[in-house]
Ligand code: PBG
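Listed next as structure tokens is one chain, alone, in the form predicted alone.
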Amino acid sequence: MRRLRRNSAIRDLAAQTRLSAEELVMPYFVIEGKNKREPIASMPGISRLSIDNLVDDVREIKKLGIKAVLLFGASRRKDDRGTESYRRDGVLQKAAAAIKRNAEDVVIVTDVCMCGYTSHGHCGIVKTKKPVTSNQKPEKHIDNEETVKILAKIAISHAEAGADFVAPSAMMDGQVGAMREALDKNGFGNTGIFAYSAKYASHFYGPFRDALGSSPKFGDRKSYQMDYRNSDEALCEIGADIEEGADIVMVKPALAYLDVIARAKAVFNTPLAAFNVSGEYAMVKAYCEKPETRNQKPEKNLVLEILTSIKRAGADLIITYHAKDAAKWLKNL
């Protein structure tokens, strides 16, 4: 079998998995203002960008072969109902419109959630359940039905701004169906749904929460995001989202869930994405910046190995903060 490994040309000829820039999606954090670029300490190389700088960056990655972006609005204005999330002149809505005007043929995916806009950091409307007895403490929970109504409202505002896909990430039951119905009723039948279908309650999201200021002020998200011990449940979630109208489904995170990606690919024919999340990105950066490894410059080979493994597991699309660098490396292979 070593005959097929003899040199790089033969290895390339026999390679079963081939990674390309067209399969990568670049995530961005968007902020208000002009000519702003705010580095995120826990994500070296990634910054929050004002819309003018965002448009310039999107034009650059388009030249590298990346065809899609995922937008997150980093809002400074927060309240307990996340009202900033569905404003027609909100930062994410303005960013989507600016890209649509200035970067033709780039696919715009917009994150539909409330966590970056709520004062409590949760992904929905928080309600307090009154105690039955005097010994019990008031219990806070996320109201699924009320949250879904707001998520549909957010989706409409994104579609109006020019989003090609809305990406519900709150993991509320029925969110995809509610968005599909709302989009269709409001004349956005061509706007797709890029669903965070199997989103786990993961410890790999820390840097992302730093970027958005979206860490929960109480409790955690385990009552609505998936238990990392389960994989059968992921197939149920993905199947439900497809049934409700999802055009693309996603597994998040990626590296610790390659088995889930592979199982989903074996069962479903719907395009499958995987999100190589902020914590996975930050770990690679931390390793590559260690004094004993810095001179070896391992980042290129390490990142391409990771992304190839995600594709090999079955992902058709990979959302990764390394997308821009990976596209450059792939171009120069």
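Computed from a predicted structure; not experimentally measured. One rule holds for the numbers: they count along the sequence shown, beginning at 1.
We do not show the form predicted together with the named molecule, though everything after this point is about it.
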Interface membership of R221, the named molecule in the predicted complex, 4.5 Å heavy atom rule: yes
A195 within 4.5 Å of the named molecule in the predicted complex, heavy atoms: no
Close approach of C113 to the named molecule in the predicted complex, 4.5 Å, heavy atom: yes
4.5 Å heavy atom contact, K252 and the named molecule in the predicted complex: yes
Listed residue (L272, L54, I66, V277) with a non-hydrogen atom within 4.5 angstroms of the named molecule in the predicted complex: V277
Candidate stretches 221 to 229, 173 to 181, 147 to 155, 259 to 267, one within 4.5 Å of the named molecule in the predicted complex by heavy atom: 221 to 229
Heavy atom contacts to the named molecule in the predicted complex at 4.5 Å, residues of 50 to 77 in sequence order: F72
